[in-house]
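One chain comes next, on its own, written as structure tokens: the form predicted on its own.
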């Protein structure tokens, strides 16, 4: 081998080794704990993510290293509940003392690799380039998710829940098993035609404008859109991203709750008895009344803890001068996030973290769970960029879950007993079929009566 060829081969290797040496021993994050290969190079974490094993891997790393782990040379993962407001919450003033000079904490900007470009070239509220643009879009969309707007959607929601229940009764009558993930997904995506919210119809609705007959979400966007609002391209981008985000996350959330209920007969029995004894008929089960069932809400919250719809972190980047996160100044330019699965299932935050225990969310929880750090679980995130559709999602899920346990006895089929543990994570869950035996309460045609 001649000398130029040798140099050509050696120099890149030498560069990699020098970079790894810098990352481990000289980098501003050198004192943060983590696996050696993760501190030295991004390749280890990239490989874990490509394999879909990031969730389990990071849970193990936090168990070993504590509340903060360096998973790449320039990336930190946190599982301390204080990290939620420090990274994602509303911006607050400067700290004093040891943190003097650090930038105000909260609402850190998205890291560059967390922002994508839409096919039509226009930004949406999830992938928006500036804070001013985000505030402009959020101001307009807030009207869509107000209490009155959500109340206006209740007949539409009920219509599609009726269809779901009727079709599952038909399946039960035939003794057929069902993939409940598919049925939940069909339910939450079917509403797009009623909402006129899909991209293909957004332009048509913009042309129609506001009419007395239309009370969908697009009508709210058009009603309050002004010179400080959104362009036609932005309206179309946002109509697409919101229907996809809303339908997917709601279906995932419900699937996880249903799975855990079937694995925990005690909880299923308690919830079923509550719903069936509270309502005299199925027609009495309304969004407003199910809100009053504390245990039902507790089941939903525990579902968001044990199977969050977005299991991966939402990366943000520390600002100039560093950002104050969990009682320390993190150097500027560092990518930081809270990892939902790790923070939710950590014994640092919850007693019996791997168990499905809705009672921990009650106003008067059992003594064993009285010290749980409930604020550590934030399935909708927090702060100015939190999920704008949270209230609608919770209203939908309360109604769907109440109607499901009112009508059916659900049994997990053997092939799906390892459903959660077998799923890979590629930013979101790999949605595998969840096979369920659905048995109708009624065999004599008296559906709707207790």
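Being a predicted model, the structure only gives us computed values, none of them experimental. Positions refer to the first chain, counted from 1.
There is also a form predicted together with a small molecule; it is not shown, and the following applies to it.
Check your understanding: With the partner removed from view, which of 140-148, 260-268, 175-183, 274-282 is the stretch that lies within 4.5 Å of the small molecule in the predicted complex, judged by heavy atom distances?
Key -> One stretch meets the cut-off, namely 140-148.
Check your understanding: Is residue 316 close enough to touch the small molecule in the predicted complex, meaning at least one heavy atom pair within 4.5 Å?
Key -> The answer is yes: residue 316 has a heavy atom within 4.5 Å of the small molecule.
Review point. Using 4.5 Å between non-hydrogen atoms, is residue 397 touching the small molecule in the predicted complex?
Key: So residue 397 counts as contacting the small molecule.
Check your understanding: Does residue 249 reach the small molecule in the predicted complex if we count a contact as any heavy atom within 4.5 Å?
Key -> Flag for residue 249 set to yes.
Review point. Is residue 309 close enough to touch the small molecule in the predicted complex, meaning at least one heavy atom pair within 4.5 Å?
Key: Yes, residue 309 lies within 4.5 Å of the small molecule in the predicted complex.
Check your understanding: If you check 136, 110, 169, 301 against the small molecule in the predicted complex, which one has a heavy atom within 4.5 Å?
Key -> The residue in contact is 110.
**Study point:** One residue of 164, 290, 326, 242 in contact with the small molecule, assessed in the predicted complex (non-hydrogen atom, 4.5 angstroms)
**Key:** Of the listed residues, the single hit is 242.
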